[in-house]
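Take a look at this single chain, the form predicted alone, given in structure tokens.
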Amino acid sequence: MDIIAKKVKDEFSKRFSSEPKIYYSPGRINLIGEHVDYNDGFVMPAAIDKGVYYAIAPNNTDQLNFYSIDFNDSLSVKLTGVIKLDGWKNYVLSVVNEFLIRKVELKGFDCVFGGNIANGAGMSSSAAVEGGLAFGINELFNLNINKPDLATLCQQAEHNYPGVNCGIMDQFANMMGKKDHVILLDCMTLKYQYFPLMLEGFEIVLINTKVHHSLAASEYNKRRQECEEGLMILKQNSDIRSFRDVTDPDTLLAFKDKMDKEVYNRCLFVVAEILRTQKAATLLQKNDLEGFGKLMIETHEGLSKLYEVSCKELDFLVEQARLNENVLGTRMMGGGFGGCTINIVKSKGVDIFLNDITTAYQKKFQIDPDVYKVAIVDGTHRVDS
């Protein structure tokens, strides 16, 4: 058993008398297709070996007992008393609330969880927290909800108590990940395909800026509103019902005078990113990692200049990575305004790359960035105890 899984199980045994089931709930990376999951686009995420372990057991009462190892904090509440609170508690309680909204029959349970995924790093620790609990509840109480529907439940949970109006990508990758594969997910229909990610001779490396600017949540919701505003204007053309219908960015020029500059730029990024992600899938089928990497760089340029969700720390890391001959692709990943860059790096050059870039970053910002080498794993699942 993984050392973190054992820690979670041992902590459960200290606090409760029953024998729990153990679950692993991964964070995710997204290779390309950023900020388009809520714009009817395509995304290309994968589940990773950084995530959250859960130990859960029913307690034959109406009481819910949670303990978060990472926050060293506990919560006890009756099923009839589930309400919006704050912090990590909102994420677990909102998951329970979604089951209650669906009027499934729940009973009380005891729960301990903890992991190795950094909060605010852009690896979707929130989806890992939501997914592990939802999957465990579904199993414990034999609710027979399939994984795609659990992903949707978790998305709604994040919308509700935490108030983050996220798309489906994070929760879908968390549930549906497949070892050594990426998912090409159609966020309009939820149809998906798995593509093998042939990384022999390469590694995926995340570099955490260790900054998380306070405007991230509010600006995220603002970007959604701007995209919705732009789409309403585009729909004046009867052939356009979603951003997917704009198959050439030049089409947007006819609407430029009808939009604020910011709204136009958001739309321009979204249309280009949807097309980039489809092209990226074709390149992966050809195992053209070099071409794929160039698209990642284009994505960062768009996120920084058109969508304006980057920051000076992320831009610096991308600029430094682009100077290194061992880096095929680099970009910011996640909601933005901090968090990680994702980099595809030749294995033989990883150590030199990491030394150079962390040294430069520390010199520039007086921050020692965290570094994560990640492997692609299966989505949320039970762990043999």
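Here the structure is a predicted model, which means the values were calculated and not measured. Note that residue numbering begins at 1 and tracks the sequence as displayed.
Keep in mind that the form predicted in complex with alpha-D-galactopyranose is missing from the display, and what follows is about it.
Of the heavy atoms in G338, none are within 4.5 Å of alpha-D-galactopyranose in the predicted bound form.
Of the heavy atoms in M169, some are within 4.5 Å of alpha-D-galactopyranose in the predicted bound form. Though the partner is left out of this view, G334 does reach within 4.5 Å of alpha-D-galactopyranose in the predicted bound form, counting heavy atoms only.
Contact check for Y220: a heavy atom falls within 4.5 Å of alpha-D-galactopyranose in the predicted bound form. Comment: 33-41 is the region of 48-56, 342-350, 63-71, 33-41 lying near alpha-D-galactopyranose in the predicted bound form, near meaning a non-hydrogen atom within 4.5 Å.
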